[in-house]
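Heads up, the chain below is alone and in the form predicted alone; it's given as structure tokens.
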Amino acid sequence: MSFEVPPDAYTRFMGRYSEPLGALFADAAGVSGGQRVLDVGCGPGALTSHLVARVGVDRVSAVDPSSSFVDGTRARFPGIDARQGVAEDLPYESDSFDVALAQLVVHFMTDADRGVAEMARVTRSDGTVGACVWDLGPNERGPISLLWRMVRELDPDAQDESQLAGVREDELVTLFTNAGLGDIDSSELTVRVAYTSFEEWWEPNTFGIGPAGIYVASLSPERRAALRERCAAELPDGQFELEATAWCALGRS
């Protein structure tokens, strides 16, 4: 899944959720001063910002397949070790980090088992490996669950994100077990995001980001208008807040 989009576009689409999620995730992983930390699939730096605040820019490395995100992360955090690469083949030596984290990434890995195994490889013995993914399964508690529900009402054959790796309960635990991680702990991380209007919510869905954005961008003007109308009927007029929950798994390498 390609995310070759400007960092600002992604921030407006998902960053308003991933920024507060990053604080919760870093807390859950126990990230603290003195550690060497890797952000796998860093995007434009939602989690990276919290890692840098905790351990310093010189102790954080970040990797992402998107060149625009890598460039954006380097600009946002001068001096950071940010590289272009994929989770399934991390460009780091074994035992390089105390903590390796993947926020909202596992479900977009080409091979999630290999990606998590690579995270374990680059983490020192007894280090922490962590991942979190939105609950996009039957509970429909992700930021884009409402959009996908309205899509399915209009297009029952649409391929949503409910079958991707890690989006259902205990799937991250299974991936961590397969990677040989121990002391696995699972939890839920929930954030709330405020919107000033429906348009503020709707517009980022038209940016062509991720599976949902690509689907919306593929629609004819008439079908897109119908989807917009269906979504508007589900959300309040004026200001409102939405809640989103992610599965979180942490394990020891």
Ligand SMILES: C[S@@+](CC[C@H](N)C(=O)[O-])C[C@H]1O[C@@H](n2cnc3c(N)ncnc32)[C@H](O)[C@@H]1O
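Numbering starts at 1 and follows the sequence shown. Please read these numbers as outputs of a predicted model, since none were measured by experiment.
Beyond what is shown, the protein has a form predicted together with the ligand; the following relates to that form.
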Thr123: touches the ligand in the predicted complex, heavy atom cutoff 4.5 angstroms: no
Would Val151 count as touching the ligand in the predicted complex under a 4.5 Å heavy atom rule? no
Heavy atoms within 4.5 Å of the ligand in the predicted complex: does Glu140 have any? no
Should Val86 be counted as a contact of the ligand in the predicted complex, where contact means heavy atoms within 4.5 Å? yes
Only one of these stretches, 180-188, 194-202, 224-232, 37-45, has heavy atoms within 4.5 Å of the ligand in the predicted complex; which one is it? 37-45
Contact with the ligand in the predicted complex, heavy atom within 4.5 Å, among Leu136, Met109, Leu175, Val99 goes to Met109
Let me know which residues along 54-82 have a heavy atom within 4.5 Å of the ligand in the predicted complex, or say none if there are none. Asp64, Pro65, Ser66, Phe69
